[in-house]
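Next up: a single chain in structure tokens, the form predicted on its own.
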């Protein structure tokens, strides 16, 4: 497992982290607690030492499962727990709330659900236009001094918002959407992170399963599965993305003896100070982790990948559909 140092608290994290939105069940068709716990422990066995969750994932369910999984055998001491706050939910509707009172309430609830006395990396989930950044940042700074959290991160922030937050409290990580199909951060967030030494936790590394190579035009998503609202999974756009996956898989096998999944994650790791969040609900979904390690893509390969994407996807779209509104009318959250 490749490792990366998160500046400040000198935490050394695995460059593949376990993402647990799906484990929470909400917007992913439910959850199996026993299978989820097996998945978390399987990730640890594979060298993963960073697990990313959030209070809103399953409305606390994901954090509860993480806490239960790490409560035995000294596993908590081996793992870095990253979680997120700054959202509230009522009747399944999500809205942003980064007020000091809400942040403090969420920290205490997260500590309880996670069965721990400190959170290694506490992240603001989304910027809240209704609350001054300075107020939120000051609260995070207080939590840091109190020892409830070890390091501060932000998610879905612009460089300007990150700088405003950092003027009040130290920010060590930023978590944006980033994968072969969603690359908006290359224009601003990623260069800023490289310049400032900020670690990037890339969520959606496999683009909600598209880059696993297992989704076809016949795949159906039922119930509350968020992919029913993702423009990438709607025709005729889906056909373009599947064509890209097919060509990327062929390229990966011919040039590296790897699958498109391994190529997609390796590509993220070769972009800078990055950590790929690997979402999984079953242990077998973690089997390809070893295929990602110990090699890299050169400039020529990067150019060929860009050429494949340009030739197959006419109208690329990002992850904007996941953004919660500043009011309770939101549909989703990343």
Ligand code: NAP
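Everything quoted here is computed from the prediction, not taken from an experiment. Numbering follows the first chain given and starts at 1.
As for the form predicted in complex with the ligand, it is not shown, yet the points below apply to it.
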Original post:
Does at least one non-hydrogen atom of residue 253 fall within 4.5 angstroms of the ligand in the predicted bound form?
Top reply: no
Original post:
With the partner left out of view, is residue 58 within 4.5 angstroms of the ligand in the predicted bound form by any non-hydrogen atom?
Top reply: no
Original post:
Taking 4.5 angstroms as the cut-off for heavy atoms, does residue 16 touch the ligand in the predicted bound form?
Top reply: no
Subject >> Contact label in the predicted bound form: residue 95 to the ligand, heavy atom within 4.5 Å >> reply: no
Original post:
Looking at 261, 245, 190, 149, which has any heavy atom no more than 4.5 Å from the ligand in the predicted bound form?
Top reply: 261
Original post:
the ligand isn't shown here, but in the predicted bound form which of 99, 212, 240, 116 has a heavy atom within 4.5 Å of it?
Top reply: 212
Original post:
For the chain shown here without its partner, which stretch in 300 to 308, 276 to 284, 36 to 44, 66 to 74 has non-hydrogen atoms within 4.5 angstroms of the ligand in the predicted bound form?
Top reply: 276 to 284
Original post:
For 141 to 167: residues with a non-hydrogen atom within 4.5 angstroms of the ligand in the predicted bound form?
Top reply: 155, 156
